[in-house]
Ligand code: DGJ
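Only one chain comes next, encoded as C-alpha cells, the form predicted on its own.
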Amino acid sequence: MKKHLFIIICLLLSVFCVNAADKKFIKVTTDGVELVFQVGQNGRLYQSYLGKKLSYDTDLNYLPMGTEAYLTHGMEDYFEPAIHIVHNDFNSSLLLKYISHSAHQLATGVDETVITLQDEKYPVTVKLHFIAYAKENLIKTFTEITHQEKKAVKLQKYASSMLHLNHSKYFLTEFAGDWAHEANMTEQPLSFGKKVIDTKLGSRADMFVSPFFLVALDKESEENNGEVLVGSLGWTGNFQFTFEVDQNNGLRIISGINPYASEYTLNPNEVFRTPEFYFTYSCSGKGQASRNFHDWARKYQVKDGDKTRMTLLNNWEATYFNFDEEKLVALMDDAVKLGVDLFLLDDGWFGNKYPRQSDRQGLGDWDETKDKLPHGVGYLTEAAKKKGIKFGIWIEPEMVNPKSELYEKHPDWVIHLPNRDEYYFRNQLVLDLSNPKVQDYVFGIVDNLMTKYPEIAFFKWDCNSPITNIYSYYLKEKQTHLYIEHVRGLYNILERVKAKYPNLPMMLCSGGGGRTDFEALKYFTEFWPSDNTDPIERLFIQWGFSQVFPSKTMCAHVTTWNKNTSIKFRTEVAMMCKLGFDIKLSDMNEREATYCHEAVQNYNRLKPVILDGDLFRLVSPYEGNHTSSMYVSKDQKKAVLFAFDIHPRYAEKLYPVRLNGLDPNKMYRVNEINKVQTMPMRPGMNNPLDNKVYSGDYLMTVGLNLFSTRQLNSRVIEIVAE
C-alpha cells in the first residue's frame, strides 16, 4: 500500500514540475515592485500579479493565471476592452495571442520589456512596452498597434495600459476642480461597475480634472502606510481613466487617450503609438509613491530636471495691460531689490492694427506694440542685462483672437466650423496644429523672438482656451483625427524648439492648471498650477499637485491676493515650490520689503533641499486648521520644514508634529528662519525652534510644537545635522 502511495505521489509531483516548467512567466521588475504576466495554455497573455516584488522566483508557480492582460472587443469577456478595432470586412473582433517577448537594458537601472501579441485570423500586431526604473520603483508603459490588412482599419479604442488588481476593497482618489480651484482631492470607494474620469476639452485638457489618480487597496489611503497605486498619463490632450470592478471584485484600470470623437484610420504598416502611462506601487502609503514619482521625474522626464530654477518677478498684477517701457524698467528695479534672477514681461506687449489693450484683440499678431515698446523687446533685454538680471516674456502661440490680423489673413488656420456661428472661450479660438503650416508659424513665434533678441532667457507659454467649434480645414475628411493630430502637432513644434534652443527654460501655463502632464514637461521646466494665488487656496492646490509632481516643477508666486494674510505667510507658501513674485514693492512697507529680500536669500540658499530633496507631507490641510510639510536632502544632513496655522479655533488643543525622513542616529540643530517678531515672548518662555539640538529619533518620535492658535501664522524651520 505504501509503495503504491509513493508511486502516486511521485507521479503527481512530476506532473506539477512539468506544468511549472511549461509555464511562461514574463516579469517586469523594479527594486521593490513586480508585474508578472503568464502565457496560458490557450496562448493568450494574462496578468498574474502586481504588487510588492516577490523574493523567490519559485513562488511564481503558485500565482493564479489572472485576467487577460490587454482585453479585446468582440470576444467572450463582458467588460470594458483595452482595444477595439474594425477590420476591412467590418468584423470588429480581435483575439490576441502571445508571439514573443524581449528584454533589454536602456540604461543603468532602466530595463525595457516588449511583449508581442498577434491575431491568428487577421494580420494585426500589438506590442506592449514596459520600461522599469529600478531605483525609482516606477514603470512606464505604452502600446504599439500595427496591421497588414489590404486597406486601412478603424481604431475605435486604443489604451496605453490595462492593469488588474485583486483586493478586498478599492478607494479612488481623483483630482478635480475648475479654473482657480484645481487639483482638489476627493476619495471614494469603488464597487461593482465603472467609474470614468475623462476630458473632452482638447488643448486645455486638464481644466476640470488632472491626468493622474491614486488607488488605495484594502483600506482608505494613508500618507505613510498601506498599499497604493498612483498613475498618470503623458498626453497633452483628451485622456480617459476607466476603473471597472467586475463580478469577482477584480479591478481593471484602463488608461489612455479618450476615444471620444477620435476614431483613428490606421493604414497598413503604419504604427499607432499610444501615449505613455506611468505608475508606481507603494507598500508604504502615498507619501512614498509621491517620492517615487518625484525622483523619476527629476532624473528622467522633466526638462532640466537635474538643474536649479530661477526666481522671478512678473509684471502682470502690477500693470496688467497698462504699461510702457518706463514702467517696465522701473519694475526691473524691484526685481533687483528683491534679489530675484529674472524679470518676466507678461501679456499685452504685441499687436499694432489691433493693439493688445485687453484679451479681446491682438492675439496672434506677435509684433511689439509701437506706442508701448517703441524700441522693441531688445531695449528691455538690454535694460535687464545692465541691472544684472535676466529677461523673460509671455506668449500664447497656439491661440488667436478673431479680432487680429492673423485671423483675417488665415481663417483656414483656425479650428472652427464652416457653417456655424463661432463660440469664443475667453474671446479666442484655437489654431489648428494638425496643419504643418500652422506648426511652422507657431515655431516661428519663438524662433523669431530668439533670433532677434537672443538675450531672452525664459518663456511663459500660455494656452487659455479648450478646443471648441471642432472642425479642421486641413484634415478635411479625417475629422476624427483632429484631437490626436492636434496634440502631435504641438509635440512637433516643441521638439523643434527644444532642438534649436536646448537650454531655454519655459513655463507651461494654461489658464492655471489646464496643462499638467509629464509628456509636456519633457519640453518645459515648470508649470503654473493655478491662476489662484490666494495662499490659503494654494496650500490645497500645491498639496494636490505634489502627489505626483516635484516641487521644482510648480511655480508659486507671491501676490496681493488675500491681503488678510501677511506678506510673510504668502511668501512662505510660495517658498514650498519654485518661488516667484507678482507684486509691486510700492505695495509693501519697508519692513515687508526687507523681509522679502531676506526670504529670497534664504530660499536661494535652501533651494537644493526644497527643489531636489525628499518631500514628506506631515499634516494635511484637508484634515483641520493647520498644515505642515518638510523637505529632506538625500544625504539626510539638511531639511526645511514649513508649518502653517490657517484658521485655528480659540483655545484649540495643539499637539506636537512628528517629523519624517531624518536619520534617527544623527543630531540636528533646529532654527526658525524668516522670522518677523509680531508678538513678544513672555518672560521665561523659550522658543523650541531657536538653536536647539535634537536627535533625529526624537524629532520623528516625539516631534516639535509647530502650530499655534494665531490666525494665518506661518513658520519656516531649517534643520541641519551636527
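Quantities reported herein were computed from a predicted structural model and do not represent experimental measurements. Heads up: residue numbers just count along the shown sequence, starting at 1.
Just so you know, the form predicted in complex with this ligand exists too; it's not on screen, but the next bit is about it.
Interface residue among Trp528, Tyr264, Phe175, Tyr631 relative to this ligand in the model of the complex, by the heavy atom within 4.5 Å criterion: Trp528. The single contact residue among Glu244, Glu223, Asp346, Glu368, judged by any heavy atom lying within 4.5 Å of this ligand in the model of the complex, is Asp346. Although the partner is absent here, Asp462 lies within 4.5 Å of this ligand in the model of the complex, judged by heavy atoms. Although the partner is absent here, Arg426 is a contact residue: one of its heavy atoms lies within 4.5 angstroms of this ligand in the model of the complex. Among residues of the shown chain, Trp394 is one whose heavy atoms approach this ligand to within 4.5 Å in the model of the complex. Looking at Gly512, you'd find a heavy atom of it within 4.5 angstroms of this ligand in the model of the complex.
Of the candidate stretches 619-627, 73-81, 462-470, 300-308, only 462-470 has residues with heavy atoms within 4.5 Å of this ligand in the model of the complex. Residue Trp316 is the only one in 281-318 with at least one heavy atom within 4.5 Å of this ligand in the model of the complex.
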